[in-house]
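We give structure tokens for two forms of one protein chain below, kept apart as structure 1 and structure 2.
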Structure 1
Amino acid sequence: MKERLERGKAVTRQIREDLRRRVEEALRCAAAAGDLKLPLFPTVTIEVPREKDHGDYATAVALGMARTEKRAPREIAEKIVRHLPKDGVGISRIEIAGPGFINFFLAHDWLHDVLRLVQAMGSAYGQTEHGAGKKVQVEFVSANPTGPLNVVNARAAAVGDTLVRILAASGYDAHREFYINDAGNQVARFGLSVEARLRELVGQKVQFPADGYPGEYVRDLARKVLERDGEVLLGLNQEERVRRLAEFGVREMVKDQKALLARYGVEYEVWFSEKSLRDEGAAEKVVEVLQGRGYTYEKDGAVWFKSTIFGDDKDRVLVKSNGEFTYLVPDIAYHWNKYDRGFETVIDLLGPDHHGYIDRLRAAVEAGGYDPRSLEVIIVQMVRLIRGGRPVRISKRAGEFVTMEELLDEVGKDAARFFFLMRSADSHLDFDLDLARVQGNENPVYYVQYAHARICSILQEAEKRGVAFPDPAEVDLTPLATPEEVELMKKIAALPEEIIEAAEAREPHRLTVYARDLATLFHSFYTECRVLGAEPGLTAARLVLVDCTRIVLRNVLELLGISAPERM
């Protein structure tokens, strides 16, 4: 299959489709020849067998056809194989195995085409047009601007950011968004807390608010603002002072959160302010619209949203009896706003304490006239930090660390992101701090990065020895024939499809599994196969293979937001 690989499409999908087409054609031919009855046309799926002894690809169609054909599956499989068209990807061997599987063993030419494709595409290898430019928004972290980010925020940031990266690589128009809760109750309490600390600093006797924010960072904020314009503030009446301090505090916290997330490799397209929505009257508008559509009623002096008619398990208050909006109202406004900005799929990453929130949010989306299925929610489960084999007590008073910043200081961005991306988001995670800090073989991050560094070292050595890198379009790749080389090529070929599948399943953690598998295959190759010092033809082919591995490792690490060091 010379130059038949399309760039915008996952290579392994093209192979799979080719095989499926040919099996379907074989079924038709067999029926026409009277070998099969074919009362109804079966769905042909081409799968990758778990055992590699079972071929590169396999299909179980014959198994499902036994009943309608009134014949043994193996016999049916034989008929299919007999009529299989010869065109398309080269097949070196076909076997009928087990209860009636058809196993395909492919000739290696297609893998050589893959290597050439990797060389041609470079950092773009892995990207496809699968998503066809569909607009997707992922909202994640969205922590309150009243305190530092915690470790679950760090987990959500890793998951959300990589999800956006793989969606973008899959051809979606994907956007990151952070919703700033810079309005409402908690901001007011925050302002009061800063204000209390400020007055403490100048020696006034103050009762710290009972529901205030006790953290040391609040004192730091007070110190900072005191230096800057303490005199002016202390001259104001209390209400005005609290308002200004709330504003100041929020601005500072958001600034810190932005900086920390940037250090973590996360750059949002949009930081969306709740206050801006409130200021433009979006909250009132939501209540009006819902009222206009008859989705509300009044009870006990409050305005309720009849969310139960959209599947929620109880109705929700929109306007409290004291006239304030509940947090739900601006959230509804925000979600409607997302759709109005043209997002076709909206993905929210929420903490485990917010899962009860999903139904009412979806109800609100539907009540707004949008498709509730277009709202997806990923629950990012809790994180337990493990040190010395036991959970770190998350106790603010005991001063055991809980913040994202402290985590980054301790283990670094690469380890933190990798560890958070090793598990699926919806399962609880034990984060082993000791393991994350180990600069050695037990640490999976270093294992993957080391593979990359090793390759760079080979390429540098080649240059030093004056071994020219071959022209990938011309080089003969047929010498690549050991099991290690073939497995490595197959893994390289799988990248684009892995990315698509991870994106579709919204499961970025699959990429860390892939990265580790690829590194393992490379390390095995490295042990078994010498690149430099082999015969020139073999060296040339292996240089290409090794360089393709480097490209793929780098591309995967880039998707994970982890550095790819050239030396370690």
Structure 2
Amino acid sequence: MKERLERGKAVTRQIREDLRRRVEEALRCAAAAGDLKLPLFPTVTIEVPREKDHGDYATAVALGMARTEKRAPREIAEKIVRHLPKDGVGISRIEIAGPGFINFFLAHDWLHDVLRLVQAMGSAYGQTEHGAGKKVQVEFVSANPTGPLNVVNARAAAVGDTLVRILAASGYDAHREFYINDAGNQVARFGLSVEARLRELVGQKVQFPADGYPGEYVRDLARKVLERDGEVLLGLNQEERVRRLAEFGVREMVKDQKALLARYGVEYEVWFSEKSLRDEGAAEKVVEVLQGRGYTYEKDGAVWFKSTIFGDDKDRVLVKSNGEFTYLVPDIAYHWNKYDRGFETVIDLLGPDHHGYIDRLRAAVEAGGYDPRSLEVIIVQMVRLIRGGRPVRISKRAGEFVTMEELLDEVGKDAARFFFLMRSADSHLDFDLDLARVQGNENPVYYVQYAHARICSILQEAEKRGVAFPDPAEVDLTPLATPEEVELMKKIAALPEEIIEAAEAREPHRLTVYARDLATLFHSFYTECRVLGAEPGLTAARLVLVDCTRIVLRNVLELLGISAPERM
């Protein structure tokens, strides 16, 4: 059993690597035998063919060698196959197809080893040590604490949280972080807005700030503070009153943000305060360091950062002529702080209005002495909510946008997260509110969750009938030979590699595609293959297969931050 598990681990994590190694070894052997010239050693890429008839894996390496070898790709492919080592993953047959593709068809016994591995690893199946413990920080949402979280924040939260889960499953030491913008002009305007509403509530005539925050939530904050400390605050001078109200408002908004994100399944390791950076003099330190390194100059009474030295399209102001820092300075301090805390890779999820901010941020990272390639930025695009085939524009509470809380109230956490993760973060997304509420297979999250619930029902029915679940280490799995069974096993075996690819590409939406594909394969299997009531040996093998599907569906849904219900 131990030998089978080790083989299973090697297969699920290293199928492509094993085939790549064997093709590279075949190239070396062919060159040593004089069958190939090999003036330049080619890059060997192993891919999964789009067509099932083309095998489980394939390589086009022979096509790229035609010019240097001065012979037909098919002839090169034949030489490679002739010298291919026999060790490693079991290959049932190899075909040379088309102009020179090498197609590999794997033996099914390795799939049986994978099923045993899934049973042994359970909730850990799919996890690897690919990332080797490298420290990665993912900062996402980081919304100003001056208003409710909106649907774009909800999308960023789903993407960022799932990315961290995937990175952790791939062996990285991954951390979530929320940057609280609790300093600067927007906080001052927020304080003025709450103060204006407070004075209105006690009957005073007041002109609301032209650049203030008009949402109903500001009036709610004013009511709350009036009940607590109204008399005391109204007795203060305006400057002190605004300062206290700003602090109160930020505190309340951050508390609400934390509660709402927790309801959404997002728990941050760190909530980092911009104010803390400013209080410890980090902004001044940034300017001092950049000046000391010769990366600044003065113009029109302001201090400028020579960001064009590092690839930015123009230089940036650090200190305005009135002595105030621009918002870039605390952002630089914050990113330098990330590296000083030992993070090897820093990933920022930013809104669609931040495209122009990327180059100046990378310039600041390099100017601080850090590798600019270690800073990655993912742009999370806009979301358009659709109801009844038409865009939803107005919020009941905020007056300007639909809040994240309203969205969760309407469709729930699972549908929200799944829908936000169905497309790449850099693509615009139409979110169909009507579809998200449908309790049927046309709703993709319902479709996936129903597959899990159906499997649980099968296992419960087996128990009712007195059909014992077989010992995965002893059961004969060779009866699993129909096309539906084989395709389902292959998809189960692909999970570790799918997770690694999603982590490396920073594309968590790949796992929603995987989950839907797996659910589709299971539903097809269940339609064609009888589980209970078949002959005992076949029933036993199929029970292991459906339970492995359940485990994998549950594991994928957990990575997506979505529940795996046992009944629906």
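The term rigid core refers to the most C-alpha atoms you can superpose between the two forms while keeping them within 1.5 Å. Along the sequence of structure 1, residues get numbers from 1 upward. Source: prediction; values computed, not measured.
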*Choose between structure 1 and structure 2: indicate the form predicted on its own.*
2
*Superpose the two forms on their rigid core, then report whether the C-alpha of residue 22 is displaced by 2 angstroms or more between structure 1 and structure 2.*
yes
*For residue 293, decide whether the Cα shift between structure 1 and structure 2 is 2 Å or greater, given a superposition on the rigid core.*
no
_Quick check on residue 538: with the core superposed, does its CA move 2 angstroms or more between structure 1 and structure 2?_
no
*For residue 32, what C-alpha shift in Å results between structure 1 and structure 2 following superposition on the rigid core?*
4.3
*Relative to the superposed core, what is the Cα shift for residue 42 between structure 1 and structure 2, in Å?*
3.2
